[in-house]
Ligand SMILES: Nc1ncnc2c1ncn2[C@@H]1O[C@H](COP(=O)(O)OP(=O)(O)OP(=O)(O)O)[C@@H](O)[C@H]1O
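As a starting point, one isolated chain is supplied in structure tokens, in the form predicted on its own.
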Amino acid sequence: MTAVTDVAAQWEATCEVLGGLVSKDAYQRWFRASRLVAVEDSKAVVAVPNDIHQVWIETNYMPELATAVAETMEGVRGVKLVVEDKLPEILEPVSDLDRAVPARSVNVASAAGEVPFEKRLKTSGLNPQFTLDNFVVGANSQFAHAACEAVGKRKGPGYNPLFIHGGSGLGKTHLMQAIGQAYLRSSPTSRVVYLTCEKFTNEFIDAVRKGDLERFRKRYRHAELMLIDDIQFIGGKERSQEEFFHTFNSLLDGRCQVVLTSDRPASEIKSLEPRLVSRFECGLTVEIQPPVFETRLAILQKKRDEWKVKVEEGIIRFLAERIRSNVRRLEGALMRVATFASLAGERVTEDRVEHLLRDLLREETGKQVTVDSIQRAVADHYDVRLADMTSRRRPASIAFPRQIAMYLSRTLTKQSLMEIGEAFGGRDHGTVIHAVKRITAQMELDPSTRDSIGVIEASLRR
């Protein structure tokens, strides 16, 4: 840690760290108008606008402020808050400050240890329910769980980055956040940051708009463990990829552990720069697959016990047999059945479950149609490359099949116009609307187009 002698520079450095320990709103509301008055007698004197700020910070954010001060001011052992209009009274040796202004002093060295574990989790963006111990391990997730356990216990130095991929609702976020919890338990002062790719992108855009890129960069480049969820959404966002590339390199150079999750392997993320693909693949890549029957059964039994709900074993087995796609859907089905049993006060039969879960069971029995599967089917039917679905090439032989794929994505999936546009190379929603209108009109005028689309739909549902 390097000492900073200039008071303004000291406070700026402290605010950079503090911005990563409290929410953006909390920082803007309670700390933006504060300033460092002096560092005397091993205490940092921080001025705040009024009594409300003083009381609120002392009650809610003193440990975070003390931690930020400890990271940026060498030899400082305490923090004292004073109100701006009382500064003339107390600008005297710090040894007299206690008499001038009643204030709460915090020992910096012990501040981090005094922060409740739950608050440290919240500051890092972690869900306390996601731990390694309560993750049900099966053949589908055994390797992924072992890798996460090694990283969480700092026994996997070569697993950097750790890239976890698998379908939606299979437990990627659970395992990722469990790594964060393990880090914080073993080292309470570790700087752990969890965020979604969407949040990273939005904050980057906001920083560009406000001309505050330097602050954005410093916020994330001081982390010891960086957890980024759903990294596939960075595909197609060129400026965000550029910024993430440099952030990623900075983190690895600083020996920060990075963990990423995605719904597909890095090489299959659309419009992802090759240099990012290679970075994502330079560590350890693990996959989580849909759980087998025994694992699904164990998950349901564990959740039943955790939630303390009464659902017969026969119904639990019925759910495990019929719902196979992902864990999130399994848990949702159990909650729906348990809630009905509790409210109706009657025994739940399989027939009743069939009725309660008819929408889920219908989706489970039918083949899932996704934008990816539509793109593949259309590319096969019209004999074009799959990459042409997302490319910027516009000859009619490519543009027309691409528009058909957009039309089918809009009619056969629940994806929004924005999401469909993103899946087709980062196009905007207006392009998708135009494609849908054009193909709809073409189907009315041209029977061959209508027949082709019928054939593609049939292949998707088989």
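Nothing here was measured: the structure is a model prediction, and the numbers come from that model. A residue's number is simply how far along the shown sequence it sits, counting from 1.
Although not depicted, the form predicted in complex with the named molecule is the subject of the following passage.
Proximity of R215 to the named molecule in the predicted bound form: non-hydrogen atoms within 4.5 Å are absent; the residue sits far from the partner. With a 4.5 Å cutoff on heavy atoms, T173 counts as touching the named molecule in the predicted bound form. In the predicted bound form, at least one heavy atom of D230 sits within 4.5 Å of the named molecule.
Using a 4.5 Å cutoff between non-hydrogen atoms, V327 counts as a contact of the named molecule in the predicted bound form.
Exactly one listed residue, out of G314, P265, G254, G169, brings a non-hydrogen atom to within 4.5 Å of the named molecule in the predicted bound form: G169. This chain lacks the partner; the member of A150, I299, L184, A377 within 4.5 angstroms of the named molecule in the predicted bound form by a non-hydrogen atom is I299.
Looking at 341 to 349, 131 to 139, 243 to 251, 383 to 391, the stretch with residues near the named molecule in the predicted bound form, meaning non-hydrogen atoms within 4.5 angstroms, turns out to be 131 to 139.
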